[in-house]
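Let's start with one chain on its own, the form predicted alone, as structure tokens.
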């Protein structure tokens, strides 16, 4: 790897990585470049990377295609050993990787450490899956005939990931794709190319063969991201996985549909956090703070609407506002006690500022909110204050549209039925949560909510490596990340029947059940039972 000295004002953060595309285990540097800048301090250049065009994407796809044959034929337990070694490398360098996550996208130390740990957990979980990847033996209706099923990899998987979880989410996609025998062409977020490059280098060190994981860097629209989507129609990929906006996800879905492929789409959310009148309010306030303002609200699972039973609404609001006003905002690279830092990029900042006009036009009442913070260190990034809107109903635009920043709405309801109705009254269905002490209410909520994930007495955020992650409606297309369920996304089923009878046997036509049916029809036991043992009650 190549490094250069940072600017004088940013020496304290470390050096600047001079990155590259990673194709067939070789660094490729061609064309124009872009910089990855620390969102918390714009004087810090974390990395510099080339922008991939169609040529580089084609080369990466070709390297993956060639590598696929050998990799797919590698015994799955051997593939698992490589993934396990990758997990151990992540573990050994957890501090450095966490620092890089904090530096490149502005997560707090605590959240960055958790993000890297999630990648470690994913690697260890799927190492063991290399000794499973079970098919099934199915009984044939014929004698001397065996029926079995096998999981088969698709081929080359195209992947595009977002920047808010730059190591955890890629691990959710890349690791299961590899353990099942696929090869990968990955475009990391332009907000986190340095982390992506290190991710690939550690996989190389773990022993992953050349061409199995390839990286192409660049921007989104009119750049590498758009070219990746166009490559679907060109047949470069046999599977595609994407985390990002619903708008882009639908474009990918259309392209995959033309190729008769099922993409994995993990999209946006407007997640409800519901609080009943019998809830533990202290815990609910703590959970709501993190659900709404953790990571600066830049999680697809961040809470969009807090739906409150009217009996406890004022009390909850008073405690929540008091706690929100005490949140410390600043540069997480220099102060590990801050609750959140700057927004990841200016695009998110612009969208956040636009939501103020939306809410005011809707007639919502702002309880707290200062917009962009300025002065001193705040001028080195797009820092914004936590925002809270009251008087919101589910017909308002502010209640329906994802903002992707530290803002949340208060919706008041009179009972559980109206609470559930409000929770379902959005076009998204990613995450959800309810606080209640009543088991019947818990049961009714988890059965009535239309969301891929539900927490009871916990936040809307958070995921574990062995649980399925994904949403319904505009939050996804039904595919899931993580756990054993993601294996279905990266494999196709093959059914194999082997006839050992020595003569041709035709299913349904020559099956023995036809003679069994004839013999059964001669029996009169059933009719005699009905005639002679009639109940009199």
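Residue numbers count along the first chain shown, from 1. Just so we're clear, the structure is a prediction, and the values are computed from it rather than from any experiment.
Note that the form predicted together with 2-aminohexanedioic acid (UN1) isn't included here; everything after this is about it.
Engineer: Please tell me which of 159, 169, 419, 465 lies within 4.5 Å of 2-aminohexanedioic acid (UN1) in the predicted bound form, judged by heavy atoms.
Structural biologist: Contact with 2-aminohexanedioic acid (UN1) in the predicted bound form is made by 169 alone.
Engineer: Within 4.5 Å, heavy atoms only, which of 194, 102, 301, 436 is in contact with 2-aminohexanedioic acid (UN1) in the predicted bound form?
Structural biologist: Exactly one residue meets the criterion: 301.
Engineer: With the partner removed from view, which of 456 to 464, 213 to 221, 439 to 447, 253 to 261 is the stretch that lies within 4.5 Å of 2-aminohexanedioic acid (UN1) in the predicted bound form, judged by heavy atom distances?
Structural biologist: Contact-bearing stretch, as computed: 456 to 464.
Engineer: Taking 40, 108 and 382 as a possible spot, do all three reach 2-aminohexanedioic acid (UN1) in the predicted bound form with a heavy atom inside 4.5 Å?
Structural biologist: No, the whole trio is out of contact, none within 4.5 Å by any heavy atom.
Engineer: Against 2-aminohexanedioic acid (UN1) in the predicted bound form, would residue 165 count as a contact residue? Criterion: heavy atoms within 4.5 Å.
Structural biologist: The answer is yes: residue 165 has a heavy atom within 4.5 Å of 2-aminohexanedioic acid (UN1).
Engineer: Is there a heavy atom of residue 129 lying 4.5 Å or less from a heavy atom of 2-aminohexanedioic acid (UN1) in the predicted bound form?
Structural biologist: Close contact is absent here: in the predicted bound form, residue 129 is far from 2-aminohexanedioic acid (UN1), nothing within 4.5 Å, heavy atoms only.
Engineer: Is residue 469 a contact residue for 2-aminohexanedioic acid (UN1) in the predicted bound form, using a 4.5 Å heavy atom cut-off?
Structural biologist: Yes - in the predicted bound form, heavy atoms of residue 469 and 2-aminohexanedioic acid (UN1) come within 4.5 Å of each other.
Engineer: Answer yes if any heavy atom of residue 182 is within 4.5 Å of a heavy atom of 2-aminohexanedioic acid (UN1) in the predicted bound form; otherwise answer no.
Structural biologist: No - in the predicted bound form, heavy atoms of residue 182 and 2-aminohexanedioic acid (UN1) never come within 4.5 Å of each other.
Engineer: Using a 4.5 Å cut-off on heavy atoms, what residues in 257 to 281 are near 2-aminohexanedioic acid (UN1) in the predicted bound form?
Structural biologist: Residue within 4.5 Å: 266, and no other.
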